[in-house]
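We begin with a single chain expressed as structure tokens, specifically the form predicted alone.
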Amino acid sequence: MEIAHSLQQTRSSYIREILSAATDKNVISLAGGLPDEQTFPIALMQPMLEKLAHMPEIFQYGATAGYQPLINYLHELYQLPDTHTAMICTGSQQGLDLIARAYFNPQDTIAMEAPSYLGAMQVFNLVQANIVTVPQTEDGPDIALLEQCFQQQQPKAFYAVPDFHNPTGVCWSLSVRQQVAALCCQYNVVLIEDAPYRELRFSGEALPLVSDFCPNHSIVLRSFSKIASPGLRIGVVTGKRGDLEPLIKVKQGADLHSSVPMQALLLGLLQHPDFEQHIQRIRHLYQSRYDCLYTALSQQLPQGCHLKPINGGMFIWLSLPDCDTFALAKTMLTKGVAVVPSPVFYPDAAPSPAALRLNFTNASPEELTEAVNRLADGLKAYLN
């Protein structure tokens, strides 16, 4: 059987491929975006796990939009207006896929930051959307170029990760958030705000969601993979009721509904009195690992390499002198450290400045220190 044209034109995930190579016990992986297993709140989930055995009704087919007690809880937690609602999906990645399939026809235009999240580019490539990009500054997207893009390209939507961006770690300033929201309203562009790292802030004050400034021109994706566990595969989409109805129709055809027992388990976890302390422990752990990686890199990087501090999330973006970063990443694997080269975060036709994305959440301080030793030695040899 012939493979669909849309799939033929879609790149496989370099990150998932390199993670396979990084399973070698001699390789320290800075490549994936994996949370540390010691952060999984299994003890906090234990009471609800035991309770599930006495709730046979949740093992029946459920509503496509999600387990209603969980939806009600999230509606209050997120302080959604009465005109908005929440929909549960199998990870926020599915939410992104549902949005793409519900709203995008082939050659419809979607705007994204450059660089951008690889998984989002895969989703929009599968529906054969036309991806256009806007360069990123230290405070978020370049506002002048974003407005020019809205004027000239007339995208249906603008996809963005404003809080601790994947891959760069950039967190949009308050001013940029307000300006982007205003542009979305002015040019009737829907903001698709992806917020999987929002709870992982370990310094500075939390800022409003961009969608708070344009609630009627936005759809928000949230994830519980980073603060609960990826294996639960639970995400949530929020937005206007009318905007979510097409997503529910697509999900009906995709998987009927997400796992109801897992939704009930998540609700029990979120309602646990010690859940907020759990979040604080994650933040402290990741801050200590970020500090370890950032300090070691600052001390050992060769000339011409640059990195910027971050206030949260899971990634550091390491800018390099011009070089073949795919070849560099392969060289680093032979030296026992896995990294992700910058081109995978850009559409095929877009130029990609030389850089590496480094993850710090799933390695011990000792491993991070050793990884930097290997990385610094490899960079010095490769760049010279």
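Residue numbers here begin at 1 and follow the sequence given. Since this is a predicted model, take the numbers as computed values, not measurements.
Beyond the structure shown, there is the form predicted in complex with another copy of the chain, which is absent from this document and is the topic of what follows.
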Check: Which single stretch, out of 146-154, 133-141, 296-304, 225-233, brings residue heavy atoms within 4.5 Å of another copy of the chain in the model of the complex?
Finding: 225-233
Notebook entry, point to check: Pick from S203, Q252, Q186, Q277: which residue has any heavy atom within 4.5 angstroms of another copy of the chain in the model of the complex?
Noted result: Q252
Check: Given that another copy of the chain is left out here, which of E193, E113, D97, D163 has a heavy atom within 4.5 Å of it in the model of the complex?
Finding: D97
Notebook entry, point to check: Does M262 reach another copy of the chain in the model of the complex if we count a contact as any heavy atom within 4.5 Å?
Noted result: yes
Note to self: Given that another copy of the chain is not shown alongside this chain, does A4 nevertheless sit within 4.5 Å of it in the model of the complex, heavy atom to heavy atom?
What the structure shows: yes
Next item on the list: Indicate whether another copy of the chain has at least one heavy atom within 4.5 Å of a heavy atom of A102 in the model of the complex.
Entry: yes
Notebook entry, point to check: Contact between Q46 and another copy of the chain in the model of the complex at 4.5 Å, heavy atoms?
Noted result: yes
Next item on the list: Using the arrangement in the model of the complex, list in sequence order the residues of 113-135 with any heavy atom within 4.5 angstroms of another copy of the chain.
Entry: Q122, V123, L126
